[in-house]
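Only one chain comes next, encoded as structure tokens, the form predicted alone.
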Amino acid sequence: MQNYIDNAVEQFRNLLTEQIERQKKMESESGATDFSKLSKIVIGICGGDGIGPIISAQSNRLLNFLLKEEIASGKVELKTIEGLTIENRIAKNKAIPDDVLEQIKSCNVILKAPTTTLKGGTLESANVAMRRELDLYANVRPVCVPEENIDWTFFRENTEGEYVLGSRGVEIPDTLAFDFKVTTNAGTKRIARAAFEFARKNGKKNVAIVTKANIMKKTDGKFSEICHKIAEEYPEITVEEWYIDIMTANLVNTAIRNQFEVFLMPNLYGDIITDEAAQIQGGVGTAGSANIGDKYAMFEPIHGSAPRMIEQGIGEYANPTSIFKATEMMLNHIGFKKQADLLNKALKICTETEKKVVVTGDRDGATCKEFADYLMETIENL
């Protein structure tokens, strides 16, 4: 038993040293990519697992359609990135194999379809690894339900919390297991500033900080304290703090939920509550997600790889709306606002007003390709 304890102490010492170095690195870095100054923007497209290659293929078609002139002129390059499959990751025993990561880092932005994460074991989530390797610290997820006056934007810290060391916990066989949660000053400051800057630039008047600081006193306590300190620089914005359990209830409380605008929270809580919010919007298949850093950005649907649909032979009936919304977010991020606005308008027509082609996720609905055809036809007629 003492041997296990000694090994655990040494492991924790190494993790602590590593995270202190990461904090120092964050403090020394500054400056975000200005996409308007790039002579060429390289968009990497990762097919992922399960339904991923199916919906990704339609996003590829959509981008070729929307950015036809930019691709022809050489301003934009679409690059298909192979190898981010669960089979390849298991074979290489790496969340992102080295050759795949090299391809990813050769791009400016990534449009990524869902990837499968194994339960248990030590193979890290590809998403977690990509967020860390590209330092994609801000996970931004918008949710909109116009008929209920709901317009929410969630800012989830993306590189810390329970996830950064999620595959590197300590276990003493037949006795106990520990996982670790990390909150750094630098990491919290930058996600807080991202949320408040977004609120200021978009005329939002309310930011809700969501923690469990009454229980997680060190980590969530630090997150709360720093967020409130940053908030002092934005006196025009009302700041509230809610515990995560109460906020999950607030989102289903129709009497008050439309009062919220911007949410700011640590990693795990953001992962959970944004799925709840997406369900209110119409399901996880309807929501896109941005993972933004200073140098790179990655955009993806928030749902998983839906292995059951593949097993049942109905993968082609997967709903591509979420990855199309991620595509819209990506276009906005890299400066193609006209194309993003066209896509946004067409998506609203196709999913909210006309609804001539409806995807249900089963054989009684349209296929992913049929919906993409309908969407592009709608854009063409705008």
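Numbering starts at 1 and follows the sequence shown. Owing to the predicted nature of the structure, the values given are computational and were not obtained by experimental measurement.
There is another form of the same protein, the form predicted together with a small molecule; it is not shown, and what comes next is about it.
Each of Thr117, Arg156 and Glu300 comes within 4.5 Å of the small molecule in the predicted bound form, counting any heavy atom. In the predicted bound form, the small molecule lies farther than 4.5 Å from every heavy atom of Glu162. In the predicted bound form, Asn108 stays away from the small molecule, with no heavy atom inside 4.5 Å. Under a 4.5 angstroms non-hydrogen atom cutoff, the small molecule in the predicted bound form has Arg131 among its neighbouring residues. Of the heavy atoms in Asn88, none are within 4.5 Å of the small molecule in the predicted bound form. Per the 4.5 Å heavy atom criterion, the small molecule in the predicted bound form is contacted by stretch 121-129, the sole one of 190-198, 121-129, 72-80, 166-174.
The single contact residue among Asp135, Glu241, Asp271, Glu261, judged by any heavy atom lying within 4.5 Å of the small molecule in the predicted bound form, is Asp271.
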